[in-house]
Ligand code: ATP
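Given next, in structure tokens, is a single chain: the form predicted on its own.
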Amino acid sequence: MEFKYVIINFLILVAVLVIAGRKTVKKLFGGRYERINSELDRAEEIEKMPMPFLEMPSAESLTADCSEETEKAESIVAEKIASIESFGEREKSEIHRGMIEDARKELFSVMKENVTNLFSYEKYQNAIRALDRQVIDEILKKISLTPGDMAYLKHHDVLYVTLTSAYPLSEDIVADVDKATSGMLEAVGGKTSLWVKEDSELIGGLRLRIGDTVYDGTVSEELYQFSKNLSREPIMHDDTVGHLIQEFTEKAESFRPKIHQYQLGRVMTVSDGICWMDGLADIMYGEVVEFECGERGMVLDIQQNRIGCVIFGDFAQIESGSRVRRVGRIASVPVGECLLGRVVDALGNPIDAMGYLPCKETRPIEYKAPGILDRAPVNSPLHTGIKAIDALVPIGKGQRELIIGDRQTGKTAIAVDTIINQKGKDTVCIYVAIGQKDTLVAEIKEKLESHGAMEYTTIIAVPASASAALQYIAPFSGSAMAEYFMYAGKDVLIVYDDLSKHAVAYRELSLLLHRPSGREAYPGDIFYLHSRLLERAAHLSDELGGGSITALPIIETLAGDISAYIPTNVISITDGQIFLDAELFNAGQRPAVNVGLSVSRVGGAAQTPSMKKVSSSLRTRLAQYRELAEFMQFGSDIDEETKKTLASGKLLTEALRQPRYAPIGDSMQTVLIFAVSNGFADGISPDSMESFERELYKFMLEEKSELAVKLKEAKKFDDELKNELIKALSEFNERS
């Protein structure tokens, strides 16, 4: 119902804007235009006329004038609603976003058309031309040579200067510009070549270009800046539209150009999502550029004579020879509490049909990792709620633990269960889906919502259909969002699902950028790519707030080959790995954690004292059991001691089984492992382990809750606590 309400609101908005808004604005402006046009022969009266002011109609008059149009809009809404009922969440989100963008474009086109018409009259032309001297003086105060200009002058004697206006300029203004620019270059041993041009698209004002740098004081630039502000403005209802129209009109009436400084370049070639440009001599790696069509990209390669850029949007709209401008900032994404509970793309744009994101802060996607002195030891557990992991390969806050295995072995399931287990623990979670199916992401979101986990989770979804550029920046965007909370003193869990697809995306971009390929066609800096990403996970020192980022990168292997290029790279970066065995998975052991190949380099430092003591011999006993089980495949006779070892190992293996979406608290895990390891479950069959486990949890939570709290908070697992646990388990066995 909420989505239908949003659809109805925006479709009515678009209909009112197209049918009534344009008509109303034209009527308000047009009446004055006709009056001016009919009185052109009476110059004196024209001079006395006040500047036109747009008075917004009242809500009642607008409703009365547009009753028929509203009825039409409502019928359109009904048809639209009927046509989207079968759409999935992502398709609904795209419709929602499309309606917003259509409304913005229509609103801006109405405004631009009327401003262009406004300045077509002589009175307003004279008013804007009277500001030329003021504009050029402000520009000449700002001009300077950039490092790129200085580098250009080392190889060329002449630097080109272009002065552009919407109408002919006076000779004194041209002479002043020539004198100022020539004097500036003579000081460094260079010369200028001044070109004076006219361009009616500027509408009014002046634009001076020196080399790649543009000093812009034109009406068209003000329109551009207003359109950018409009794109960030939430259009929630008709009052917002009215406010924007009024604000825009007031600016047009009292127009005073501001001097905007930026750099321009030129598109050389574009193909396959990669653009090569020249100019922009002062641009930096990772900086954002904007093309004439409105699409944006990020610089990933800087060579002597050209710049390589990846394009975020549709590269088919970009043409060779078109202009590209420097935005003036490193690629960044919105951050903050507003992202919790939302699904966004790699650029931080919402894609969940839940409306506008009111984020006020941004962070660069690339950021320096904390230094050694800024870090604290990893000594606090981050419980996954999964018995096989918390007991055998524990994860600490600030650790980087790799999840690795073949397709369909439960890697994503472990990550989702870990997110669900953070409920009520004041841990922010970020799930980055790289190259995953839309249906899988929708399923994960649904599960997280059903368990109340979306309240503290952000999903960054970049499906396989997205460009390689967006898949490349997705994990860095997630890391930037996580860093906001870490530096605010909070604990964060971030999942990269998965970095294999991320590496493939980066390989595609690198090959298109003509970088030399290496092993398995990956570029030589693929190791550095993942290391600078994963090194951003850390546990900060108390002086910096004590926040942490715990990273769970996922890597997909082929036929269990962990010695392949990308798996070995990421293994060498992380603090351990959880290896999921396809054979164990197919045999019904879930989660399919291979004890022999799984390791945590943090170890017992990431466990509670009780769990550390109870699980100390667990790995050895499981390894011994599996070795004996493989040996017994040959059918040899065994003694009683070996039978006991096999039976005990079988019970331990069964005890570590766990269904999806059912995380277990740390104290309950401790009780179960202690009970099975110390013979309190010897009297039951492996098939009855699930029932035994369920009854044990119920007994402990209902009748021994104080003991459960002690196990969780105890500083050490001493004999007193051990005897108390043995007494409780004995009582449980007597009742059973």
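For every residue, the number given is its place in the sequence shown, counted from 1. Keep in mind that what you see is a predicted model, and the values were worked out from it rather than measured.
There is another form of the same protein, the form predicted in complex with ligand ATP; it is not shown, and what comes next is about it.
*Heavy atom within 4.5 Å of ligand ATP in the predicted bound form - the one residue of Phe585, Phe315, Tyr625, Tyr152 that qualifies*: Of the listed residues, the single hit is Phe585.
_Going by heavy atom distances of 4.5 angstroms or less, which of Arg326, Lys411, Arg400, Arg207 would be at the interface with ligand ATP in the predicted bound form?_
In short, Lys411.
*Of these, 614 to 622, 269 to 277, 484 to 492, 652 to 660, which stretch puts a heavy atom within 4.5 angstroms of ligand ATP in the predicted bound form?*
Going through the listed ranges, the match is 652 to 660.
*asked:* Does any part of Lys360 reach within 4.5 Å of ligand ATP in the predicted bound form? Heavy atoms only, please.
replied: No - in the predicted bound form, heavy atoms of Lys360 and ligand ATP never come within 4.5 Å of each other.
*Contact of Arg590 with ligand ATP in the predicted bound form (heavy atom, 4.5 Å)*: Taking the distances in the predicted bound form, the answer for Arg590 is yes, it comes within 4.5 Å of ligand ATP.
_Taking ligand ATP as it sits in the predicted bound form, is Lys368 near enough to touch it, meaning that at least one heavy atom pair lies within 4.5 angstroms?_
So Lys368 does not count as contacting ligand ATP.
*Please run the contact check for Glu556 against ligand ATP in the predicted bound form: heavy atoms, 4.5 angstroms, yes or no?*
Glu556: contacts ligand ATP in the predicted bound form.
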